[in-house]
Structure formats: structure tokens, C-alpha cells
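Single chain ahead, by itself, as C-alpha cells, in the form predicted on its own.
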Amino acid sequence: MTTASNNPSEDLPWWRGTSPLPGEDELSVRKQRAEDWFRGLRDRICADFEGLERSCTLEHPQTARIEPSTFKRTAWDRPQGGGGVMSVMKGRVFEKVGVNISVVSGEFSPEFAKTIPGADENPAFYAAGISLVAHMQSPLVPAVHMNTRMIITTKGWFGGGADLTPMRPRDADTQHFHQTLQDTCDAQHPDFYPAFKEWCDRYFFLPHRNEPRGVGGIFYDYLDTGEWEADFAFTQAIGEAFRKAYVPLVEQHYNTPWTDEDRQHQLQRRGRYVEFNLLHDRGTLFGLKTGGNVEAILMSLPPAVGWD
């Protein structure tokens, strides 16, 4: 199998097809189904995370004085078309977590259109998705990112993934996270996990520091196998797998006390996270280049950070 490249003009793996778009009626149905799914996944993840907030023990020495929190939702409109909803929580388990939904449409700039499949023929686009980043109070609980999306130009495809960023990696945590994602990928096709893991390892890498952002996960884009229902089902499965992969890790570690040294190390590792998101992240670039909500785009940045 040919592995996928970060540059869509380079490698052409078998799952990056050129399926024709359906008629407008069917396309509208697909858009609505995807939008409904992203919103439903948002609701289930928010419920999971609010449950974790409530279950953190009151005796925890570092968070005993912080009240359990809930998500605050803020809707935003995009003048060029569409909008979204930010869901942000700051509490005793999650120092800051955002779970954002967006549904936007419009036209790419001529320069940006050259980098998007199908947009060089027609700059019109539609994009819907969910994006999540969690930064934890405890340095012993990994930070995490997840997103899934559907994009339509003159072509249509799914993308997404999830990756884990522990402050101090634990083999058992890494194994659980990866195995959950691998099981989900393998159920769709045996080529998916090795290709998507390798793409994640290359993508979430800081070249100026010659180091990975975390312990990886999976990353995929331009998913168009020629079977839209199967591609949509896979994207749904990845969203549900994220819940199974991450929630147990929080439950295992969030009540364990930490040291000042642990916290300082956490702040320094967050600095790496900021560097990646501002210098290399394609989602950040896509949002800024398409006139998205700046607060929603930069939701991924941690509330406190340090550098060496």
C-alpha cells in the first residue's frame, strides 16, 4: 500500500478516490446526517466529561477547592456562511476543554484553493465537523485531541483522528489508547491503522525541535473509498472509539496527587503544544484562512503554559 502524504498532491493511496458527488438532494441528506452526528457526538462527550468532573474526590489536595464545572456553550455566526457552537469547560478535572462544532461554507481564496482537492476547479466549499482539545488540571492525566470532519468541494471526503499528549508517557496508557483505535481501524480495513498511525506520527511532529508532540494515535484525511456509507460509518466509529480510549485514562489518574515539579513539567510540555498548533496545525490554518471564529480556532491553546 502507498502511504499518505501531508501534501495532497503527492501520494494517492487506494482509499483516496475520486468518487463523483451525488445530486443536490442526496448531498443535502448526507450533509444533514453528518451534522446531526457531529452534534450528537459532542453531546455524548460533554456528558462523559461532566461526569468525570462530578466524580473527582473532594479530598484531592490540589483541586479540593475547585467546584465541579459544566460546559458553557456559545454560538457564533460566520458572515460568509454558516457558523458553529463552542462548548468550553474549566473545572476541577479539566483545566480547560473545548468541544467545538462548526458548519461553514463559502469560497476559498485563490491561493488556498490550490492546496485543497477539487477546489482548483471551483473554490466553493462546505465543511462540517467536531474538534476537541482537553488540557487537564493533573499533570498525570494526558492532554488529548480529537476531530472528525466532512468536507465537500467538487470532491467529497472525511478526515479526522485522535492523538494523546501525556506529560510523562506511560506504556500502559499508550497501549490502551492505540489498541482501541487500532481495533476500530482493523474492523474497517487492515491497511487503515498502520497508514493512519504513520501519518499521525509524521504530522504531529515539531521539526524545529526534532521531537513528536506526544505518543501519537491516528490521523487520516481525503477518505473516499467509493463507499460513502462505509466512510461515514468509519468516521462515526472513530468518534465513539475516542470515548473508549480516553475516558478510562482520566478515571485511572485524576485523583492521584502530583508535585510542583510535575506541574512545572506540564507547563513546559504545553509550550510544545502551543508551538505546534500555531506553526504547523492544518486545522488552525484552515479555520483562519476561511474566516472562522478566532476564539473557536484558538480554543486548543492551554490556559497556562511555560517554556524552558
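Keep in mind the model is a prediction, meaning the values are calculated, not measured. All residue numbers refer to positions in the sequence shown, first residue = 1.
In what follows, reference is made to the form predicted in complex with a further copy of the same chain, a form of this protein that is not presented.
**Student:** I'd like to check something about K96: if you look in the predicted bound form, is any of its heavy atoms closer than or equal to 4.5 Å to a heavy atom of a further copy of the same chain?
**Tutor:** Looking in the predicted bound form, residue contacts with a further copy of the same chain include K96, since a heavy atom lies within 4.5 Å.
**Student:** Is the gap between E275 and a further copy of the same chain in the predicted bound form 4.5 Å or less for some heavy atom pair?
**Tutor:** Contact check for E275: yes, within 4.5 Å of a further copy of the same chain in the predicted bound form.
**Student:** Although a further copy of the same chain is absent from this view, report whether R168 comes within 4.5 Å of it in the predicted bound form, heavy atoms only.
**Tutor:** It does not: once a further copy of the same chain is placed as it appears in the predicted bound form, R168 has no heavy atom within 4.5 Å of it.
**Student:** Though only this chain appears here, would A47 touch a further copy of the same chain in the predicted bound form if you measure heavy atom gaps against 4.5 Å?
**Tutor:** It does not: once a further copy of the same chain is placed as it appears in the predicted bound form, A47 has no heavy atom within 4.5 Å of it.
**Student:** Tell me, please, which stretch of 30-38, 246-254, 52-60, 276-284 lies within 4.5 angstroms of a further copy of the same chain in the predicted bound form when heavy atoms are compared?
**Tutor:** It is 276-284 that comes within 4.5 Å of the partner.
**Student:** Candidate spot L223, A237 and A241, all three in 4.5 Å heavy atom range of a further copy of the same chain in the predicted bound form?
**Tutor:** No, the candidate spot makes no contact with a further copy of the same chain.
**Student:** Name the residue from K90, R202, H189, H176 that puts a heavy atom within 4.5 Å of a further copy of the same chain in the predicted bound form.
**Tutor:** Filtering the options by heavy-atom distance leaves K90.
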